[in-house]
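There is one chain below, alone, in structure tokens, taken in the form predicted on its own.
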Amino acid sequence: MDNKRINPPLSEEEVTALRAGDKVLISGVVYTARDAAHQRLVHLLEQGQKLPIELSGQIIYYVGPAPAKPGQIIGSAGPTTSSRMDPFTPQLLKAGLKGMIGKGLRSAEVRQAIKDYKAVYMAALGGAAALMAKCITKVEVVAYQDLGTEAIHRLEVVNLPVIVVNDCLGNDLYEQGFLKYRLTPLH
């Protein structure tokens, strides 16, 4: 199967064309955010205040990039466990977020919010943080610098490889994989 290519900000058409299991290459801007940044973003939404980034059509990569070594623009940039962001994700999807990149399962509430707000959850390659960092061509901190590596970064990426796990139709690649490879009793 060929890779699909997307360039955020994502339109509803682009999101609804993605299916669980699709291999995707992302080029353009994605934002980073982890637990503490998510908590701050949701707090601002609850207070009716403006967010430091525009979420409409955007993708958040759950990563805290390692500091760059001399001659590099960023250190290793592998995904963190997505379930840590689950308590905050439905509110960010409601605010316009269209894509998330991380690793691992999402809660039932997040999967429902992905359907309700027509979004997509994609998995990055765990254990390939140095490879993922090679797809990043520019990086800048745009909010919450006090959080250090967990600040919100604006990343420019070229051909960042991900796999769609949860699509807006409710399909779940992890559930599909479990059913496909489930052991059947020998008779």
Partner chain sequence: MKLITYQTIVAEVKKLCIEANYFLGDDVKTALKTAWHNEISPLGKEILSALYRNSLIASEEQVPICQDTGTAVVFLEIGQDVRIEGGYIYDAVNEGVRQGYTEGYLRKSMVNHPLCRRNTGDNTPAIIHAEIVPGNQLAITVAPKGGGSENMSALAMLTPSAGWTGVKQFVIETVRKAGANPCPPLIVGVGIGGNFEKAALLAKKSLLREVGSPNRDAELAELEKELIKEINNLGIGPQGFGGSVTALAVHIELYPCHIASLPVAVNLNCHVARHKSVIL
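What you see is a predicted model, and the numbers here were worked out from it, not measured in a lab. Numbering follows the first chain given and starts at 1.
Note that the form predicted together with the partner chain isn't included here; everything after this is about it.
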Next item on the list: Run the contact test on 72, 131 and 177 with a 4.5 Å heavy atom cut-off to the partner chain in the model of the complex and return yes or no.
Entry: yes
Check: So which of 24-32, 44-52, 151-159, 59-67 is the stretch with heavy atoms within 4.5 Å of the partner chain in the model of the complex?
Finding: 59-67
Note to self: Considering non-hydrogen atoms and a 4.5 Å limit, does the partner chain approach residue 95 in the model of the complex?
What the structure shows: no
Note to self: Taking the partner chain as it sits in the model of the complex, is residue 107 in contact with it (heavy atom to heavy atom, 4.5 Å or less)?
What the structure shows: no
Item checked: Contact of residue 78 with the partner chain in the model of the complex (heavy atom, 4.5 Å) -> yes
Note to self: At 4.5 Å between heavy atoms, is residue 123 in contact with the partner chain in the model of the complex?
What the structure shows: yes
Next item on the list: Output the sequence-ordered list of residues from 136-168 with at least one heavy atom within 4.5 Å of the partner chain in the model of the complex.
Entry: 149, 163, 165
